[in-house]
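What follows is a single chain, given as structure tokens, in the form predicted alone.
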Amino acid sequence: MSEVTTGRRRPGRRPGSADTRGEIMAAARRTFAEKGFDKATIRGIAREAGVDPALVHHYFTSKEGLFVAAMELPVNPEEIIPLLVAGPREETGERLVRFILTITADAQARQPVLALMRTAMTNEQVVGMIREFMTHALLEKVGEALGVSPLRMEAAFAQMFGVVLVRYVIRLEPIASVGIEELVALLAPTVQRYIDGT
């Protein structure tokens, strides 16, 4: 018996679409923009894209993974958090600073991040979506893994956010052109103090 004669549609990819992954990402962008990160669901995004939720999980694994892909972010928190919290606690500040400075040094990886930062400065919907993602997918998870309070994690993130903004948007010298290792040496002790609570 065929799908037509039974009146049932098989789950997964709908017929006739060559770019299902792209359509899921387009639906995710619309849904995240409309509802924010917290209220968006895999089921709702799948419904918007006209596919089964299992297909969204197949392509993106999780809501965080889908957000990263849809917003073209250079890293997925699910992959990077274990690397940031692994190793000696007294080196966490250095790992965090080096990671952020290294990833943003790559112009191709940096562009989507800078575009989101610029948009967030003028668009309340976007800033809400980014705030929810940063809080729930990144900062809370790192803070919980390290036993660091939300205030201290946000202060550490704000420190690095400011450096990226000054280095790549405002391009204030000498921060804009100084080497990564010099900035790591300067910033890591401050970020480590946030983490240690000293």
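Treat the numbers as computed from the prediction; the structure is a model and nothing was measured. In this text, residue numbers run from 1 along the sequence as written.
Missing here is the form predicted together with another copy of the chain; even so, the following discussion is about that form.
The stretch from 70-78, 121-129, 103-111, 86-94 that comes within 4.5 Å of another copy of the chain in the model of the complex, counting heavy atoms only, is 121-129.
The closest non-hydrogen atom of G162 lies within 4.5 Å of another copy of the chain in the model of the complex.
Among residues of the shown chain, E34 is not one whose heavy atoms approach another copy of the chain to within 4.5 Å in the model of the complex. Proximity of D19 to another copy of the chain in the model of the complex: non-hydrogen atoms within 4.5 Å are absent; the residue sits far from the partner. By the criterion of a heavy atom within 4.5 Å, I24 is excluded from the residues contacting another copy of the chain in the model of the complex. When another copy of the chain is considered in the model of the complex, only one residue from L55, M134, A145, I42 comes within 4.5 Å through any heavy atom, namely M134.
Along 181-198, these residues reach a heavy atom to within 4.5 Å of another copy of the chain in the model of the complex: E182, L183, A185, L186, L187, P189, T190, R193, Y194.
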